[in-house]
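Next up: a single chain in structure tokens, the form predicted on its own.
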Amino acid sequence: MELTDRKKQILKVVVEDYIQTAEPVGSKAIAAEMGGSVSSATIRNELADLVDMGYLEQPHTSAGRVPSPKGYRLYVNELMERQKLSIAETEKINQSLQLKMEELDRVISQAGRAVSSFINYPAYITATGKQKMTARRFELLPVDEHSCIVVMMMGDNRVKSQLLRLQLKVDIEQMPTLVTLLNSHFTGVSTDEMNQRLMNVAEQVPPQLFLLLSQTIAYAVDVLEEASQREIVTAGANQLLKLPEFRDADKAHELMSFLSDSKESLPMPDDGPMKILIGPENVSDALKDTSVVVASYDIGDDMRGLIGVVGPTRMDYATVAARLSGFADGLTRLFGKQELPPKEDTKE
């Protein structure tokens, strides 16, 4: 059976009406949308064909039709009109991303809340390095002869510190030598290489200094390995409660629990700037009745991030994709320049 231009036009009307109303769409409504150019009888025949072809579904209790995941996919790929953000929307996104460049995890957490609030769906956001995190610089700050503070700047400019209790008394005057050793041998290398180099210098360092060096490297390795793991922040799970698809409390609770407890299973595509996954295209069973839109952004220093929203398959894909793309572009500018450009005065 051929998917004619008229069938595509009818499918587009069904998808867009269902997005707006969350109610099955009947032939009379479609005829009105099409300006009376096609009779209701012809539309009913076309709707039956679209059901047979798998693009539409008919709920048992209604004469109307709703899109299937296959229908949404065709709509997104071929029929959806790409949206451009308005000046007002662009300004609202820019205002929501006026964030101080603090620690990376704090910035992405605030950005995730902003996305969820603006798009009105649960959001998730992550940042990850394309390469393993390394140390950029070390400092040792003596407290007394039995303790000191180790300070480490990581490759993404985050600074971590911790008080170390020394197993052997260390002469404070020897600490600058140890700091020089740390910065010359243990920066810019992987954690495996750090441990190997620690063994290589064992015989060159007095025992009391080697114990402090070992403690420092052990702390650095733990911090760097934790930082190299992908951290995922979710926000706005309660947005689901506003949607007719999640009036069933058990259904809403199941998805909200997934977003809270199984967020590592959220889609993390690494191909292209934007990805739309519809219904069963999502691997996780908890997402089989939802759609996920994910956009990537660039952090710099060989790092990238992903920001996504989770919503019903009935979501307004064109609007969500445009707004999420706007946020991704804004985050790229934020991390690249540590500021967002001023509002443009030109009109569309």
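Residues carry their position along the shown sequence, with the first being 1. Computed from a prediction, not measured in an experiment: that's the story for all the values here.
Separately, the form predicted together with the DNA exists; it is not shown, and the next lines address it.
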Exercise. Determine whether any heavy atom of G279 comes within 4.5 Å of a heavy atom of the DNA in the predicted bound form, and answer yes or no.
Key: no
Quiz item: If you check in the predicted bound form, is I10 within 4.5 Å of the DNA, heavy atoms only?
Solution: no
Quiz item: So in the predicted bound form, does S27 come within 4.5 Å of the DNA, heavy atom to heavy atom?
Solution: yes
Quiz prompt | is_contact(L47, the DNA) in the predicted bound form, heavy atom dist at most 4.5 Å | solution = yes
Quiz item: Heavy atom within 4.5 Å of the DNA in the predicted bound form: which of P69, G305, G64, G311?
Solution: G64
Quiz item: Pick from 279 to 287, 36 to 44, 317 to 325, 292 to 300: which stretch has non-hydrogen atoms within 4.5 Å of the DNA in the predicted bound form?
Solution: 36 to 44
